[in-house]
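Below you will find one chain, with nothing else, as structure tokens; this is the form predicted on its own, and questions on how it binds or moves follow later.
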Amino acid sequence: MSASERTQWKSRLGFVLAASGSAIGLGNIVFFGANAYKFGGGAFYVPYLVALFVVGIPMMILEFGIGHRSRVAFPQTLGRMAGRAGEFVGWWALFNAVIITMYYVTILGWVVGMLIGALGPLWEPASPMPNYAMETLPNPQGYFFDTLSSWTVVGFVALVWLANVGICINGARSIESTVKFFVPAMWIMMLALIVRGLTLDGGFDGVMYLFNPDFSAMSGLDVWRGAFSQIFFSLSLGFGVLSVYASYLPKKSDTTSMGLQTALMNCSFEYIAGFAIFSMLFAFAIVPKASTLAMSFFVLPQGIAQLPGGAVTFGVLFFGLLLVAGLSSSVSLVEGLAAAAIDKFRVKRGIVLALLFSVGVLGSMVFALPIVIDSSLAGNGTLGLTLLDLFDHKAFGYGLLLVGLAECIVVGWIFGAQRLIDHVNRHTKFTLGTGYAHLIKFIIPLTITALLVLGFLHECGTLGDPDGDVSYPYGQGLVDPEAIGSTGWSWVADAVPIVWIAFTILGALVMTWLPAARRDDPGDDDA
């Protein structure tokens, strides 16, 4: 199969919707609002905007540009730029993304369970807790932990994986058809939640808090570190998916302007999501935790339960929004993995997707394990949730930033930033200059390095409380990894870093070492 036979987006709009759908996920809906609440309300928007223009948009243009130039998947793209070392970085990024995809799909399985519960059981006063130390637990916490400790979640996980491979079955064509429905649906559902939030007593006061921010919070290092870390998470940087999406663009495409459009669309969605979150938090005097799981399954459903006469309707709307947003993101992760295998080994898409489905379901089942290891719920609850929390810390807290740093080194110092600039400037309305090269070579790498060092120092307790202000999208806020020490499962916390490093490095080494099938089209070398 030559490069010319690769599927392409039917329209520029389809690509922008797909890329923005990849970026808009579970965490964008609630994690951004929780971080904003934590870091001074609207004051968080200022460092977030700085991070958007200093790191977010430049890195998105970089990933769009290298994918569009090479017209192959992420590992092959970096391989063309830096040889075997570059290909290794690309595969390492994808194996890190494999772990994230597996537990992300598990979370979507829980969303399916909560969506079913929103039809009625979720709003009952309490749920019986046969697997835990207490007899009952108030809902929605009770219903969530009851779902968490049930094997039915494994079936939900399989259904979510089936939906992902089904959407990816025809590559860009089937993904584009799906996101043209998904993305507008997300905006409509979010706007409905905003309107309902603003009509609550006190809801408007919550939105006004965003326009009367506590700017004294901006003097702290944590708010800036939180904003720059949020950008990587928000824009799907470091996964390799934006690069493969751009590889499906026609040769004469303006990747710079599309990068701007995608980033601004994503951030606009986050901003308006803040309206919905803050209106409900203030209306019902709820204090959030900066965790996607806690916000999605505990905090916001508490507010929805208090809606006069609308808990079922808006509960279904909220969890339906989470499911659609989550699928639009997980589809991009699956496509990034599938495209890399197809481009290297020239195998049929159906075979690759069948393999991904089989391996993916097994991997997601690990994070869905309903084995209760902490019946008191003082720490973790189930083994699956514990593993999710620990792997999330490594894969998100370090993995994505390391990939971003490697990308800057490969493009800025090995391949040459100017060569990328020359390529993206061929068909753009917004010409990039030498300042962009300085961002890629110096400013962004130094920023990422600082984030990694500060995060490590916080984790070690050298710089502040190791648990006090370090938050991760899906863990570190709902469960406490240290609590498993008293449950007999302390070895899990020690094993996870080893497994993460071994899985990503060995997987990347094997995939880099395996010989590639002959490629008919060398792509755009523009050397």
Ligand code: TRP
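This structure is a prediction, so every number in the text was calculated from the model and none was measured. We call the rigid core whatever largest set of C-alpha positions still superposes within 1.5 Å between the two forms. Numbers for residues come from their place in the sequence shown, where the first is 1.
Note that the form predicted together with the named molecule isn't included here; everything after this is about it.
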| Close approach of A23 to the named molecule in the predicted bound form, 4.5 Å, heavy atom | yes
| Is G27 a contact residue for the named molecule in the predicted bound form, using a 4.5 Å heavy atom cut-off? | yes
| So, in the predicted bound form, is S236 in contact with the named molecule at a 4.5 angstroms heavy atom limit? | yes
| 4.5 Å heavy atom contact, L451 and the named molecule in the predicted bound form | no
| task | Work out which of T262, S279, S332, T77 lies within 4.5 Å of the named molecule in the predicted bound form, going by heavy atoms. | result | S332
| note | Students should find that, of T255, S229, T101, S296, the residue having a non-hydrogen atom no more than 4.5 angstroms from the named molecule in the predicted bound form is T101
| message | Partner absent here, but in the predicted bound form, which of 439-447, 213-221, 354-362, 324-332 has residues with a heavy atom within 4.5 Å of the named molecule? | response | 324-332
| message | Using the rigid core as the reference frame, would you say Y48 shifts its C-alpha by 2 Å or more between the shown form and the other one? | response | yes
